[in-house]
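Taking the form predicted on its own, here's one chain by itself in structure tokens.
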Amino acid sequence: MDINPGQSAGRWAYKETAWLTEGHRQPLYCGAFNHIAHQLGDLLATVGGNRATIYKCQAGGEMSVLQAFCDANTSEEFYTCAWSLDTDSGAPLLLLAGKNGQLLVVDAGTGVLETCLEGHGSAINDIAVHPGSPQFAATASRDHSVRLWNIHTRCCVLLFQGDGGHHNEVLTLSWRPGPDSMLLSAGMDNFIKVWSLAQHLETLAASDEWRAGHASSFPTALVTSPHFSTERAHWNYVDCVRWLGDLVLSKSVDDCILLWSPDTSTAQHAADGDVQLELQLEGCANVWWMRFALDYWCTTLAVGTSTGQVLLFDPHSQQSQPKARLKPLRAAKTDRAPLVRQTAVSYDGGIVVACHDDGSLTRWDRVSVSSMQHLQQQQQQQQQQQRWPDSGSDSQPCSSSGEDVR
């Protein structure tokens, strides 16, 4: 794996540069930077209620709204979003899904709904776009199944369900980059499963040749047996999983993220000896749907807390403690901000965004350690001046507030 040259091995320093509240004020269950089209890596998508918003994250903390998509069904509540692209034109696409169980494909440039794919019997909890073949997107559902779609030809290619599948809500998905096309899934049955597409390459190829609008439906293949399955990694719901090379990062409702190696040679991982690192979290116990995120290079891991903070880790190091703790400035007095449902990390790890439970988001930008120390000194001086103001001064301490995006 290539190493991102932008993140230093020493202390990490980030400065809060923006916070805003979306007009719907519903929980922001998901936020995602565009890692598919790297030239558009400054685009951030968020979802809350029946609305999806696309921001351009500019230098200095400016966040410009480029598009806002509202579903025609006001009862829809989006839980997840993911970036893809049109394999013909290269145009960026935003995939949306949630309560109503439909996978929506939206043209990110125009805000126009291109496709609505149906098949799940209940809500969709997560979307994972194949990193090498962005026409393929997997969805995890409350109906206990995972579906693989070809969004270009508008068909369901594979259905992962059956005796070897999940037996409760599927909450989270992750693709392993590379030719082997391994799909990771986990959910409320405590199981983490690895699905291989090696035996279904002909079906995938056939889906690329399928003509949208064909009189008959595409012959979706049923996949009942995973390549690997275990319920021993965690004792409760598994709400977030990600590949890290051949290793797995997984999180449950306890205060830790595990980095471990699945033993796919036995189809059932050993009870001992495979956990390589345990990242120690704070304020995450007994709360589910608090998902972590990685930058494109997988060198910066960000996870939110119930007190509104964000913890940053280097998953490649052997350090179990955070490299940095990011606290919203608006929580300075109360020591709390709204719970963070999802984090988003930019392509190079230079920007970290927290998506909060009250419809707000907070942005931090990476700075040099010396710049951060200078900023902290300035803040301390300002605090002292506010406590003991000059009797001859007419100035009053100013309070900042976030922008209300409507």
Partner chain sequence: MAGTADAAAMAGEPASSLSDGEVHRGVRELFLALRKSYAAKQRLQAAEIAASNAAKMRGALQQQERERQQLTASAQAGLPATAARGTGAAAWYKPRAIAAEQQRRRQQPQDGQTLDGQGGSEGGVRGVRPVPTQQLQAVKSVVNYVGGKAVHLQVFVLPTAEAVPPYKSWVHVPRNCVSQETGKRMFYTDEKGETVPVSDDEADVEQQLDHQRLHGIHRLWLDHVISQVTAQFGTGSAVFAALHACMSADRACVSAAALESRAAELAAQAASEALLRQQQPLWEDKSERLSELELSMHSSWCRRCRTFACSLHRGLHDRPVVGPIRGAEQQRAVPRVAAGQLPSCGPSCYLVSQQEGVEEAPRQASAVSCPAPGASHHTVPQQQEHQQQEQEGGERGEGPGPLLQPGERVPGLQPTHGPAPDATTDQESTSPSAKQPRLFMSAAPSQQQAAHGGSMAAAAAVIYTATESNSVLPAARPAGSGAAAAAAAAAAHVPLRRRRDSGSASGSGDAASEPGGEGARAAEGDAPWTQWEDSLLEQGIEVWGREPCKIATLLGSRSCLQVHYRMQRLSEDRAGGCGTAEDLEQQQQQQRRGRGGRKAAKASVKLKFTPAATYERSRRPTNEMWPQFQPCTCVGECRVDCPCSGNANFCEKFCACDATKCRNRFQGCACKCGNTASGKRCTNKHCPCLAAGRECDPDLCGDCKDTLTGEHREGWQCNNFRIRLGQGKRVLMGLSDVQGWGAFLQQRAQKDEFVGEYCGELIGHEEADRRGTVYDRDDNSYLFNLNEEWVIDARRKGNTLRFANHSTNANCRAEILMVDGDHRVAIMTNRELREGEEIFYNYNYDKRVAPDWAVGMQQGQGAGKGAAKKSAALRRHGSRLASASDCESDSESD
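Values in this document were obtained by computation on a predicted structure and should not be read as measured data. Numbering follows the first chain given and starts at 1.
Just so it is clear, the following notes concern the form predicted together with the partner chain, a form of the same protein that is not shown.
A heavy atom within 4.5 Å of the partner chain in the model of the complex is found for one listed residue only; from Ala285, Cys116, Ala331, Ala198, this is Cys116. Proximity to the partner chain in the model of the complex, defined as a heavy atom within 4.5 Å, holds among Phe191, Phe292, Phe136, Phe313 only for Phe191. Within 4.5 Å of some heavy atom of the partner chain in the model of the complex lies at least one heavy atom of Pro131. Taking the partner from elsewhere, Ser225 is found to have every heavy atom lying beyond 4.5 Å of the partner chain in the model of the complex. In the model of the complex, the partner chain lies within 4.5 Å of some heavy atom of Pro92. Although the partner is absent from this view, Gln321 stays clear of the partner chain in the model of the complex, with no non-hydrogen atom inside 4.5 angstroms. Picking from 199 to 207, 175 to 183, 305 to 313, 322 to 330 the stretch near the partner chain in the model of the complex, with a 4.5 Å limit on heavy atoms, gives 175 to 183.
Residues of 93 to 112 placing a heavy atom within 4.5 Å of the partner chain in the model of the complex, in sequence order: Leu96, Asn100, Gln102, Leu104, Val106, Asp107, Ala108, Gly109, Thr110, Gly111, Val112.
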